[in-house]
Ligand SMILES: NC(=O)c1ccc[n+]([C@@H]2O[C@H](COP(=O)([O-])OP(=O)(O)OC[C@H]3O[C@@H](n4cnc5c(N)ncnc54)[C@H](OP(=O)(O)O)[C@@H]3O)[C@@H](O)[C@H]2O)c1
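For reference, the chain that follows is the form predicted on its own, supplied as structure tokens.
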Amino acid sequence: MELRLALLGFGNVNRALARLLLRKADALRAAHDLTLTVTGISTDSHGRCIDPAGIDLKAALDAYAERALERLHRGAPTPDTAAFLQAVPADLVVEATWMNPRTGQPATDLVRAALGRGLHVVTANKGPLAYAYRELSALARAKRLGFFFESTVMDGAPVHAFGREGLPVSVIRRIRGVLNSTTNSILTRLEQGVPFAEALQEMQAAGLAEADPSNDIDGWDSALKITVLANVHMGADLRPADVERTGIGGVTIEQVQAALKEGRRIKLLCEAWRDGEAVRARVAPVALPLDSPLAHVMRTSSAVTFEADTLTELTIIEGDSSPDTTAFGVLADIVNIARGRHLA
């Protein structure tokens, strides 16, 4: 079986995916009789290209570095991503573009357009799920299309697959998680006596925090992630603005060290819970007891705990993350769509 892929965005995640596709091509054929052919790549800053016969991914990685993806293009030019989406000969779109976390755009519109054209979609962006999950999932179901999004929370860890396939006929009552690597790393370093500004600079120097870290520090990224989890796994229809949100900007070395002496560890906790017929959500620094698995998630690792009517408590913990782990989540989604898991 061959599945033709169109990549929207060619930043860290989709470039890591390209390298993973090259590395796993033989394994995909041997294990799943699956050949994945990239027929198009679209970026706003490095050009775009379409080749119905398949794009040489090694050449694409080189061309991206030179901002010259157009030299791999075959056929009529595509002036923008919207035109690219209509022209590219593909079966599945991998959406990993830049996104405004306060609107979910342009990712949400791109996913909507791809599904509307009849293409499967795998997205690494939280926006489409935080702002339009019910609409987009209904559209995918109506068209019998795959719409998967494993990498939106905890990178490549199978959080969504677990909820989708591991908890049938279950009611998830509460979800709790430590889901933002920047804030988690800063809190870890505060425990060690490192000043807040210095801990943040370390994350920025490592390329794990943005030059403007406010989305992480103020809890906005965490609010997006708990919104995604609540919408997907608890049937909620929340938006990030519905999440009660407090960031870590006011947390001090003295506070985290005092908590540790008392047998607690401060984490930026994401939480969604059922309140009668409603689902509510909150993000805030919380001093967790040390017997909680979430208290032991350090540096850039993440964890999430599901509480259901069938399993009292189950926690998934991911080690330190990178674009490579995010790319694996994308690849897992592609394979599961090829296997027809979206129709299960």
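When you see a residue number, it is the position in the sequence shown, counting from 1. None of the values given here were measured: they were computed from a predicted structure.
The protein also exists as the form predicted together with this ligand; that form is not presented, and the subsequent description refers to it.
A.B. asks: For the three residues 13, 97 and 155, which mark the spot I'm curious about, does each lie within 4.5 Å of this ligand in the predicted complex through at least one heavy atom?
C.D. replies: Every residue of the candidate spot has a heavy atom within 4.5 Å of this ligand in the predicted complex.
A.B. asks: For the chain seen here without its partner, which of 169 to 177, 70 to 78, 131 to 139, 147 to 155 has a heavy atom within 4.5 Å of this ligand in the predicted complex?
C.D. replies: Partner-contacting stretch among the options: 147 to 155.
A.B. asks: Does the 4.5 Å heavy atom contact test between residue 126 and this ligand in the predicted complex come out positive?
C.D. replies: Within the cut-off, so yes.
A.B. asks: Give a yes/no on whether residue 312 approaches this ligand to within 4.5 Å in the predicted complex, heavy atoms considered.
C.D. replies: Residue 312: no, not in contact with this ligand in the predicted complex.
A.B. asks: Spell out, yes or no, whether the shortest heavy atom distance between residue 104 and this ligand in the predicted complex is within 4.5 Å.
C.D. replies: Judged by the heavy-atom cut-off of 4.5 Å, residue 104 is well away from this ligand in the predicted complex.
A.B. asks: Evaluate residue 326 for contact with this ligand in the predicted complex, applying a 4.5 angstroms cut-off between non-hydrogen atoms, and reply yes or no.
C.D. replies: Residue 326: contacts this ligand in the predicted complex.
A.B. asks: Here the chain is shown alone; which of 33, 291, 26, 44 has a heavy atom within 4.5 Å of this ligand in the predicted complex?
C.D. replies: Here the answer is residue option 44.
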